[in-house]
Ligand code: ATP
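There is one chain below, alone, in structure tokens, taken in the form predicted alone.
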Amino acid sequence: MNELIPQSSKELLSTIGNYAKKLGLSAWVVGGAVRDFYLGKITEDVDLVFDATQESVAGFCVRTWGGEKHRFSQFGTFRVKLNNGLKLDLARLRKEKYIFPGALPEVTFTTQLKEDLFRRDFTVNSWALSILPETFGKSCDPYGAQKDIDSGLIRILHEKSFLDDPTRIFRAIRFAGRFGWKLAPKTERLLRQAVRDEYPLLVSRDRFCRELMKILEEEKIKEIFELLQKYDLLKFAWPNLKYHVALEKTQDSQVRLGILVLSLKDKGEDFLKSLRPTKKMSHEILSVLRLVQQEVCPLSPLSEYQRTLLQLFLPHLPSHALEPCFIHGRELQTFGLFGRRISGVLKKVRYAQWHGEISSREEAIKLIS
């Protein structure tokens, strides 16, 4: 099965495998990377597992190719971001136990690859290839990953999978939409039951938001939203949230988030706050939301992000609607206006500019004269 590992990845993986052997470790590439290797897709995220501590390997990767490493002590993993953009997750073989539904798992280490593969979300991601020099590319596929990939099926590994980790419900939909696959009959039945029992509510909002942002990064966003609607999952994101055609016009997840906020109109602000975005992102989106709600042009220049968001969400908006108001509030004093009259007239000008009724400063002055 050596041919499964693409030429572009062989040098890196064999170098890591050779170093692991010097340390007396067994080493495999696992999960989504193997799936993508088999499908002939380029991947920039590679999961590696070892049968003992892998910290030295993480340090070796940074020294060899440059980059930085981060440790996640709760799970005994290291994430290495190489200077070439490749992301490596290095973990020890482990088993997981869920103390209660929706909780993060308790981790115990194992030396059995099969046990590690069984904790994966779906069979298509429970595939491993050795990267040791003497067995490079040797396959370990105990749960039928290759068969299910060939059949285009998403299948969980055990009946309590969705209960243990309800984020797998959304991951199943994401993969189904991305690859054009279907849920295996039993998996589909269990997913529908999980929705009826409201399993997604067992997950913290932070974890749910991370899954939502991953969905918004997907190329086939329309297909995924159709599946989310089919399985009645959008309600867990926000009541009455729906697909919007503007989502297809960009693959920028932040812009797509803004589109969803705008599509919810007066409920958009509460939805955005529930996602806990950065202060900067929240300000940018809410500023645009205010303009859309009031139908007025901005008072100050928009950022590139805000311009893109408005252009995609309201493609027929006049170009001048994106520019700062032709007249400033202080200028209106020269027309003998004061107090509330200034704000009223300014809003009138901004409204006219938004709707394309005026297209220059001269026309704005005529409007208020």
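From a predicted model like this one, the values you see are computed outputs, not experimental measurements. Numbers for residues come from their place in the sequence shown, where the first is 1.
One more form of this protein exists, namely the form predicted in complex with ligand ATP; it is left out here, but the text below deals with it.
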| query | With a 4.5 Å heavy atom cut-off, would you call residue 32 a contact of ligand ATP in the predicted bound form? | reply | yes
| Heavy atom of residue 175 within 4.5 Å of ligand ATP in the predicted bound form | yes
| message | Taking ligand ATP as it sits in the predicted bound form, is residue 167 near enough to touch it, meaning that at least one heavy atom pair lies within 4.5 angstroms? | response | yes
| query | Would residue 121 count as touching ligand ATP in the predicted bound form under a 4.5 Å heavy atom rule? | reply | yes
| query | Which one, 320-328, 303-311, 45-53, 62-70, holds residues whose non-hydrogen atoms are within 4.5 Å of ligand ATP in the predicted bound form? | reply | 45-53
| note | Exactly one of 130, 77, 187, 125 comes within 4.5 Å of ligand ATP in the predicted bound form through a heavy atom, and that residue is 125
| request: Would you kindly say which of 171, 138, 95, 235 lies with a heavy atom within 4.5 Å of ligand ATP in the predicted bound form? | output: 171
| request: Could you list the residues in 202-221 that come within 4.5 Å of ligand ATP in the predicted bound form, counting only heavy atoms and keeping sequence order? | output: 214
